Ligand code: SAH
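In the form predicted on its own, a lone chain appears below as structure tokens.
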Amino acid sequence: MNGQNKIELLGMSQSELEDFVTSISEPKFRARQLYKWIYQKQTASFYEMSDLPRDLRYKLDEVAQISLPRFLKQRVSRDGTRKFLLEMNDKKRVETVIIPQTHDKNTQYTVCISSQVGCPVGCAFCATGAGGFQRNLQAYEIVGQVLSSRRELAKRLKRNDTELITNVVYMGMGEPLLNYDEMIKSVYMLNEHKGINIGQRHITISTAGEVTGIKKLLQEDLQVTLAISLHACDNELRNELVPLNKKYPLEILLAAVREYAEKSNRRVTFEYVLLDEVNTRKKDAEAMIKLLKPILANVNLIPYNEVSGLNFKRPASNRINQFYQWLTAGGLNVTLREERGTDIEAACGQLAAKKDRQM
């Protein structure tokens, strides 16, 4: 049986695996073993599943597959951030970023995953959008990024630790809420306590402002963090920077965000990329204060990570600090994002996964 006709096991729940094993005349308990090998040991080869009988391993290999994304290349930043280039079965590629966080000498990792190959939104300052949109990722391909990254990271650090990755952010390539069904399925798979077991409060979903998706997400009644890529506080400028604003202008977006914050009782994060001489004027700060002060919100300022071929520049440090001061003086809860991975093009807005790009 060729790969196209084999049954894909990655992405199945334990109950779905039970249905699968009984369909091939095997006892249900084999599903628990398979589930553990896939989601806890991130194993793609049936022949490595040592507690399965040899005949069953051959049988599984004939009829099924576990399509973990293939690891191709790695770049490591001077700050410890790692960028992995991963390839799907159809040769489509995405970049996934692993960010270290050290607390009390214990280092754990956040993985930044992609929801699409490329991005259809086309934000003016973003390398991903400049490369165009190719296709949505399926839920198993989204979850597979976490599993492949965890496996590769454990191998390189010589650690056998399923708790290496403690946080997942949907901030890689693509607009997660434009691939809603597969994205939300992957969230539930990541959260499953018998498997990957990432807590809901440790999952962040970022959107450029896809209001229909925000309203759907509210109905899920999850405790995930919603992050809004804001970048401008008036419609004229935001139309230029974030084309999705033409469909969902700020008054519509902010109404949906207020509803989300009130009904979920969760703080919403607003991400704001600082672009020199574009959105860092005092009037921009005043507009943001007026817009966001009534909302249960955090503001995350991101100094621009320059992208070759795009004409935006990073503001000088004194301008960045001045903008920060204006916002805090206005009563907003503001953080200035620590730079991670800029030297390996792994920072916000820099992911592209071009085949000919130097990793």
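On a predicted model such as this, the values are computed, not experimentally measured, just so you know. Numbering starts at 1 and runs along the sequence shown.
One more form of this protein, predicted in complex with the named molecule, exists but is not displayed; see below.
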Only one of 319 to 327, 55 to 63, 35 to 43, 298 to 306 gets a heavy atom within 4.5 Å of the named molecule in the predicted bound form; which is it? 298 to 306
Tell me, yes or no, whether Tyr140 is in contact with the named molecule in the predicted bound form, where a contact means a heavy atom of each within 4.5 Å. no
In the predicted bound form, Tyr170 touching the named molecule (heavy atom, 4.5 Å): yes
Taking heavy atoms only, is Asp276 within 4.5 angstroms of the named molecule in the predicted bound form? no
In the predicted bound form, Glu182 touching the named molecule (heavy atom, 4.5 Å): no
Just to confirm, with a 4.5 Å cut-off on non-hydrogen atoms, which of Cys126, Cys233, Leu253, Leu190 contacts the named molecule in the predicted bound form? Cys126
Would you kindly say which of Glu271, Glu152, Asp284, Glu87 lies with a heavy atom within 4.5 Å of the named molecule in the predicted bound form? Glu271
Could you pull out the residues of 188 to 226 that have any heavy atom within 4.5 Å of the named molecule in the predicted bound form? Ser206, Thr207, Ala208
